[in-house]
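The chain below stands alone and is given in structure tokens; this is the form predicted on its own.
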């Protein structure tokens, strides 16, 4: 039987896992409501909170749908749907899949329409097992790390804030570096053309495309923040991310046409 990244059995397996996750969420929601009644909490406020939370999950869900679509070309729908519905993000999943493909001597784009079962399983293991390391480390290290940070904050709040901001920026920098990795084409190109080790030909300026897409998305995010401040549009806070993602991705079309691929 020929392997397909969109085979019905994959959707069945993914559907079982996601159903289990949804059932778990529903279970804890019911338990929480029952506990709220026991504590004598205002049930009108509880219901309003539940409805509000459900409505505002629509905005983050847009970002997830965009991520699934962007990965579906090479990996199909089932695997990205699973990864981004449970524990995952576009920035991690795309890099993990690309690194797994690179380890097999290929690019992720090479697997479009040519995905084998062995390559698919390899990419799936890298995308799923690797992200679980963080889950395993939480019960082992989180309490000790948190206690250390709380103790440090009591001694020197200023340096504690600086440390936490530095940790966050360091994490973000790991992904930002991926955006700038192709800028070397500008300096290594000859006569406006860059040829990599695999003999693939690129425009010298094509390395600027991901950088400019990031800049466009950042500017849009900043404009959303400015509008929230000027016009008091609090609702925009939940839609700023998907808006910046969509417009940033759309900007890649004219940028690719202008700078070359």
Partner chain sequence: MAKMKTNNEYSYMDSVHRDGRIWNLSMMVLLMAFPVVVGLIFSAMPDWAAVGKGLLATAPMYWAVGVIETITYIPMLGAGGSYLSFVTGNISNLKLPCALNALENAEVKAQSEEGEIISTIAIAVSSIVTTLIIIIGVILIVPLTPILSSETLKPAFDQMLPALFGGLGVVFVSKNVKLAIAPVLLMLILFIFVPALNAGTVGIMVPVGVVFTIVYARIIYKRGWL
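Numbering follows the first chain given and starts at 1. For the two forms, the rigid core is made up of the largest set of C-alpha atoms that agree within 1.5 Å on superposition. Predicted model, so just to flag it, every value in this text is computed and none were measured.
Keep in mind that the form predicted together with the partner chain is missing from the display, and what follows is about it.
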Exercise. Does every residue of 112, 114 and 190 put a non-hydrogen atom within 4.5 angstroms of the partner chain in the model of the complex?
Worked result: no
Problem set entry | residue 183 within 4.5 Å of the partner chain in the model of the complex, heavy atoms | yes
For this session: Indicate whether the partner chain has at least one heavy atom within 4.5 Å of a heavy atom of residue 227 in the model of the complex.
Result: no
Exercise. Though only this chain appears here, would residue 203 touch the partner chain in the model of the complex if you measure heavy atom gaps against 4.5 Å?
Worked result: no
Problem set entry | Non-hydrogen atom contact residue 214 with the partner chain in the model of the complex at 4.5 angstroms | yes
Seminar exercise, completed: Checked 9-31 against the partner chain in the model of the complex; residues with a heavy atom within 4.5 Å, sequence order, are 9, 10, 11, 13, 14, 17, 18, 20, 21, 22, 23, 24, 25, 26, 27, 28, 29, 31
Exercise. Relative to the superposed rigid core, does the CA atom of residue 188 travel 2 Å or more between the shown form and the other one?
Worked result: yes
Exercise. Rigid core fitted, is the C-alpha displacement of residue 146 between the shown form and the other one 2 Å or more?
Worked result: yes
Exercise. If we fit on the core, is the Cα of residue 10 displaced 2 Å or more between the shown form and the other one?
Worked result: no
For this session: Specify closer or farther for residue 236 and residue 50: how their Cα atoms are spaced in the model of the complex versus the shown form, given a shift of 3 angstroms or more.
Result: closer
For this session: Pin down for me whether the residue 176-residue 112 Cα distance shrinks or grows in the model of the complex relative to this form (closer or farther, change of 3 Å or more).
Result: farther
